[in-house]
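Just one chain follows, in the form predicted alone, and it is written as structure tokens.
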């Protein structure tokens, strides 16, 4: 969806730590932005990589800027997405290598992309996010917002786990499996795809519920409307099961713990190029027609 925004004046940069190419990128990008009158805010790790003393706490950056440049891969962008939830901050993902479904701008194209952004020649790709709560005996013990998925899995144990799945408080199925993935359309090309789930266009408001190695082969992935509430109850007595948010933050689960999942009230805003489209990215990343 194309949108106009106010002239870009403040930009945050958050980079994946310990990537050798990050310093070289920053050495060129920071003076280039300064020449154009852009005030730049760096988090602590990124500032240390650039050899600069001034830094801002990462969690504060979304409130200070109009856009955040993410230097890294999809994992780095996922962590930033959780920071900007509830704000209008734009995110520009710059891929430093790897698959990169979300970080679609390459290093070679970063300056061209920024010039277009400053001319307001870009699109805003709004993506659905999920909010999740973990309840234990009716008390919330953990919560998180995700862009890709919430995964309930057996953890390091070799045995399967037993789950019950409800949608809008209606019983759907009992499940014995290695785990269960509840993903957004954005996350449909991540872990869910590896587990046999469908590719769902990111513009849709939907959730994909994908079993991981189910004991009963008739337990198949299902796509449900984005306005429903999903509840997953752990029925296994053995310890070791975990709930993982975007593959980055995990919490241990106990028998009868409830994982609640629903759509977030606000969507995240990714900056995209008018010259690229979702199907072109799929062809490139998944080698369609190769």
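Residue numbers count along the first chain shown, from 1. Keep in mind the model is a prediction, meaning the values are calculated, not measured.
The protein also exists as the form predicted together with a further copy of the same chain; that form is not presented, and the subsequent description refers to it.
- Proximity to a further copy of the same chain in the predicted bound form, defined as a heavy atom within 4.5 Å, singles out one entry of 141, 107, 123, 213, which is 213.
- Of the listed positions (131, 201, 136, 116), a single one reaches within 4.5 angstroms of a further copy of the same chain by any non-hydrogen atom in the predicted bound form, namely 201.
- Listed stretches are 108-116, 123-131, 85-93, 187-195; the contact stretch with a further copy of the same chain in the predicted bound form is 187-195, by a heavy atom cutoff of 4.5 Å.
- a further copy of the same chain in the predicted bound form is approached by residue 225, whose closest heavy atom lies within 4.5 angstroms of it.
- Taking the partner from the other structure, a further copy of the same chain in the predicted bound form has no heavy atom within 4.5 Å of any heavy atom of residue 49.
- In the predicted bound form, a further copy of the same chain sits within 4.5 Å of a heavy atom belonging to residue 244.
- At a distance threshold of 4.5 angstroms between non-hydrogen atoms, residue 163 is out of contact with a further copy of the same chain in the predicted bound form.
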